[in-house]
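A lone chain, given as structure tokens: the form predicted alone.
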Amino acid sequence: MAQWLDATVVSRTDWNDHLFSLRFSCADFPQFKAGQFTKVGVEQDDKILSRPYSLVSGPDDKELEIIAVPVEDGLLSPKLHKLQIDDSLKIMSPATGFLILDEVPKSRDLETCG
């Protein structure tokens, strides 16, 4: 069953004015597979404002990482863009999604459709 977990920003990288990444710790986050995503959010007015983000960290990393673009009139991304080390956020557990190697059919070559 999906549930919100508490996470803490451990580092951030501003790649340029329009691209940033956040690394955060969440000791209770379960194992995930490369290619999965989860919802990341912040608390606002006793609710959690969230959006799905792909996890760009590896499944064996001690921290989770997302990459984001601050959308000028966005509801969440500007708030994420302001987060600094030790700030809190929420993360939905468990990760989900089927863009994983287990879903690639067994074959000698990958073929294009069409």
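This is a predicted model, so every value here is computed, not measured. Note that residue numbering follows the sequence shown and begins at 1.
Omitted here: the form predicted in complex with a small molecule. The next part is about that form.
In the predicted complex, the small molecule sits beyond 4.5 Å of every heavy atom of Lys33.
Mapping the unseen interface onto this chain, Pro59 falls outside it, with no heavy atom inside 4.5 Å of the small molecule in the predicted complex. Contact annotation for Tyr53: at least one heavy atom lies within 4.5 Å of the small molecule in the predicted complex. Shown alone here, Cys26 lies farther than 4.5 Å from the small molecule in the predicted complex, counting heavy atoms only.
Annotated contacts: Trp4, Val10 and Ile48 are all free of the small molecule in the predicted complex [non-hydrogen atom within 4.5 angstroms].
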